[in-house]
Ligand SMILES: Nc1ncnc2c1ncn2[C@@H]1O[C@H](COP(=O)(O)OP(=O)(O)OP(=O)(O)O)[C@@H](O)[C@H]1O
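The data below hold one chain only, encoded as C-alpha cells and taken in the form predicted alone.
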Amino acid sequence: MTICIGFISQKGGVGKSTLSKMLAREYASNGWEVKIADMDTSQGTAYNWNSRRLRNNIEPAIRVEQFRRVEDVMRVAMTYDLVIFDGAPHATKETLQIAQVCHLVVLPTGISLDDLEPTVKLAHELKKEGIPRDKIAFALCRVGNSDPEIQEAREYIQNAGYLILAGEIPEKTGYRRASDLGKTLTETTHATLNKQADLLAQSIINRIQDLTKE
C-alpha cells in the first residue's frame, strides 16, 4: 500500500517544504521508496533543494518531481511506498484534492495569530468538505524561544479541536545552512538541532502509523 501525506497551508513561508524534505529523508533512510511531489511549479522549493542535495552527493537520495495536478501524482504513486505532497504556497482547489487522497494532512504554522487564524480556517474548510478531523494535524514551525507563547499557540489549536503534533521547529541558522547544502532538519551539524527536529518527525511518523495500522 502506498501511503500519501500532504503538507498544505493557506499561506507561504510556514514550513511545508521544510517538513516535506525532513520526512522524506527519515523514511528514505529506512529503505522506503519515497517521492516528493512538489506542487509549487512557480518556486519549486523542494525541487531546487534536491538539486543541491544531488550536487553534494548526500545520501539517501530522494526523488523529487514537480507536478501541476494531483491526478498526475496519483498515476505514479503506486510505484512508491510513500508519496509526500508539498503543497502550493496558498490554498487552491488542489489543496482539497491533496487532502482527499492523503492518509494524513499536516498544516504547518507559526505561532502568531496572523499564522494561526488562517491555518485553523483552512482546517475548518477541509473538515466542512468531508476530510475527517483525525486526518488533520498541525505542526509548529519557525517558532521563537518563548515557551509561554508556544504553549498559547498549542492551546489555540487544541481549543479549535485539532491535533497538534509534538515538538516544534525553531528559527535557527543551523537549519538554514543545512538546507542551503541540500540537507534536512535532521542532518545539521548540531546534534541538539537534529534531536529537536527528530521529535517532530517522529510525531508525524507515529500519527501515520496510528492512521494506517488497520
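Numbers follow the displayed sequence, beginning with 1. Please read these numbers as outputs of a predicted model, since none were measured by experiment.
As for the form predicted together with this ligand, it is not shown, yet the points below apply to it.
Sort through 156 to 164, 62 to 70, 28 to 36, 171 to 179 and report the only stretch with a non-hydrogen atom within 4.5 Å of this ligand in the predicted complex. Result for this chain: 171 to 179.
Looking at the partner-bound form in the predicted complex, is residue 135 within 4.5 Å of this ligand by any heavy atom? Because no heavy atom of residue 135 falls inside 4.5 Å of this ligand in the predicted complex, the answer is no.
Even though the partner isn't displayed, in the predicted complex is residue 48 close enough to this ligand, meaning a heavy atom within 4.5 Å? Close contact is absent here: in the predicted complex, residue 48 is far from this ligand, nothing within 4.5 Å, heavy atoms only.
At 4.5 Å between heavy atoms, is residue 14 in contact with this ligand in the predicted complex? Yes, residue 14 lies within 4.5 Å of this ligand in the predicted complex.
Is residue 41 part of the interface with this ligand in the predicted complex - any heavy atom within 4.5 Å? Outside the cut-off, so no.
In the predicted complex, which residues of 138 to 165 put a heavy atom within 4.5 Å of this ligand? Read in sequence order, the lone residue that approaches this ligand (within 4.5 Å, in the predicted complex) is 142.
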